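This document contains two forms of one protein chain, each encoded as structure tokens and listed individually as structure 1 and structure 2.
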Structure 1
């Protein structure tokens, strides 16, 4: 376990891609099966492991430790798993043991609920600090080390002297601890045969358009498409096997029998899964909210299928029948795709239309005022771009419509965690509404990011100097029509919500700007937010 823990510690702090690959490849070389395979799975996100609740971990820690000392420690470190890994005092006689990663996983996955508490305590006792941290991150699902599955595969490719695309193709047909993969990479056995031809192929992703990105590019070299607000999927039908995958490779075939049944062509296509009707059946595309009714269901009732019919808006093609066409240019692949979709079931498949434009300014305008509310922006695809797995910058861009913006007033503040534990960095903000004859502020959301460190200092100082009340860790801040702090809040979307007093819920709100130039009286009203929802709904239901 120690070697794995050290690898994680190194990877988190290593900025260079090449150095990360080297660390991974060295680890794969020096570590025996099955540990290296499980480590690979942990890094690539394919490991299944019994989860342990943070409350249990905290409990176990407090069995041996004063609660106040624990709180000081947690406030200082800011991360529960790391705090526990550091404060844990193991009995001296257990030090120096180094259980293997696979034995730890085996014990976790074979222990019943009743014994889990004892097992976790025993494991915390026999692991050293760094391993304890890795273990805690694994069981709480918080392992984030800045290494993508793609990078891990590149390290495998380097380690075995093979092409990374071969590993990509194999990837979804093999499982942890990947012993046959390592055997092949070490030259001990031939390449593993794919047990299932309709395997998932890593999807091609776009990078967001940033300031200046388009300046050097020619509009005529690119095709534009709408970016639809559904879920990106890959649909495969090869060798008699049909599969629908999410963009991360999860098999979601069972949830969408209507799509699978309608699939009458061979090959692998890339598209957006939506609910509603196809363009050519002249029915409208419904919102992401409607699509959500269909997601994550084990069984689908006939009524569900009727009320929320699913369809695929096709973007691209990877395999035309059994033929791999990913190396062809976008425009050539699109010709193949167009032909396939033309012949396919009209109610379940349509082709994502191209958007005509001649200049970037044109496109910018189209992007901000799309013709359909289920559009979240524009995709730009280089005409000659092959279909390459992953997110390379250049061939594909996404250009989202602007997020929503309002001016709101800070109402409450709470201390942050970790490096922000000494600042008031979590804010509740509100807008004006009528309460009988009075104008009052009603809270509409919470934000704890978006600002710079310097802006945080300004906010924190304002909070400290203008606290009117405290409830535990929360401070209520002075906020009147003529005195208070106005912030510009940006968010990605807005819905009605019965759980919030204000009746609205924002998606991903963040503090975009401090408006020290404004007084609270100038902030937005709840009516403005309600109008944003109505506009969306009106556009959707017509």
Structure 2
């Protein structure tokens, strides 16, 4: 565990991308199997481990220290794993150990529920401080070391002298501790063969359009498509195996049997999963809120299948039958895709239409006022671009429509995690509505990004100086008509929701700017949000 703990410490303190890659590559080179494979899985988010609840960790800590002292310590440090690793007092007569990462994981995954408390206590006793911290981060499920799965794969590529695209292709077809992957990278065995043909392949991602990005580009070199507000998927049918994956590689086949039943062509396609009807069936595409009724369900009832019929709007093709066509240009791949979709079930599949434009100004107007409220914006794809995994800047861009904006009042705040663990950075905000004769604030959303570091310090100071109540880690902030903190909130969409007190649910809210020039009485009302929803509903009906 000590080597893994040291790796995490160094990664946290190393901001440079290339330096992080070198640290990882050196660790892979110096660490034996299976520890390096489990470390890779933990960093890349593919490790399956019996999670330990924070409540259990708190209970174990309170067996050995005063509750008030622990609360003060946690409040000062701001991170549960770091707090416990520092305050934990092991018995004086117990010698410290350095168990391997793989042995710790094996014990966690083979210990019954009744004995897990004893196991965790024993491990906390035998580990030294940094290893204890690494262990706690593992079992609570959040390393927060500034390393993405893509960065870890690049470190593997550098370590083995291979192209990162080859590792991307293999990634979802092999499992931790990745011993066959490391054997290939070290030149001891041939490249691993995938045991199942319909594995997930890392998707190609678009770069958001920033100011000046399009100035040096020629419109004639790009195709444009609408960006629909569903979820990005990958649909595979190879070797008699059918699978539907989310953008991150989660297998969601069981939730959408209607899609798999209609899949009668062989290959792998990239597209958007939506609810409603395809363009070819002359039925309207429905909102993301409707799609949410189908997501994350273990079983889907016949009524759910009837009320929320799913379909795929195809964007691209990766495999035409067993043939890998990702190296072909976008226009050539689209011709293949068009042929596939034309022959497919017209109620379950349609082709994403191209948007005609002659200049960036034309496209900007279309982006700002799309013909359907379920459209988020525009996708730009270079005509000759191959399908390459990850987010390389240049081949694909996404240009979202302008967000909705409201002024809202901060109501509650909670500390963040990682680098933000000492700041109040997660905020709940609300707008005004009538409650009988009174005007009250009703919460309508939460946001934890969008602001600068300097703005975060302003928000944090206001929370600390104006807390009126505490509910566990949550602080209630003073908010009245003549006193409070107003923020401008930007969000991508809004729907009615029976699950929220306000009756509305926002999509991707973020704090766009601080409105210190406004008093809370000047913030927006719930009626404003409801009017936005009604306008979208009217546009959808039309």
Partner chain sequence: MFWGMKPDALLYPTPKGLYCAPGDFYVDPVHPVERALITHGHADHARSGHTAVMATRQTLDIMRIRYGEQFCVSEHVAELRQTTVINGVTVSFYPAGHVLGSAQIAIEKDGMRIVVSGDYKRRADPTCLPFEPVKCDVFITEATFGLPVFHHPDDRAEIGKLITSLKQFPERSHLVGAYALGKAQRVIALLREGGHDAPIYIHGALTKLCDYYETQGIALGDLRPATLTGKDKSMFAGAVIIGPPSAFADKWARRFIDPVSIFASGWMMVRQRAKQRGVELPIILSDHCDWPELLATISEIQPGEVWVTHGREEALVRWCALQGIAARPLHLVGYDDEGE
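Just so it is clear, the model here is predicted, and its values are computed rather than measured. For clarity, a rigid core is taken as the largest C-alpha set superposing within 1.5 Å between two forms. Positions refer to the first chain, counted from 1.
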Lone-chain pair; form predicted in complex with its partner chain identified as structure 1
Per-residue C-alpha change between structure 1 and structure 2, residue 108, threshold 2 Å, rigid core fit
yes
Residue 71: CA shift of at least 2 Å between structure 1 and structure 2 after core fit?
yes
Examine residue 161 after superposing the rigid core and state whether its CA is displaced by 2 Å or more between structure 1 and structure 2.
yes
Rigid core fixed, the Cα of residue 485 shifts between structure 1 and structure 2, in Å, by 7.3
Keeping the rigid core superposed, can you check how far the CA atom of residue 467 moves between structure 1 and structure 2, in angstrom?
10.8
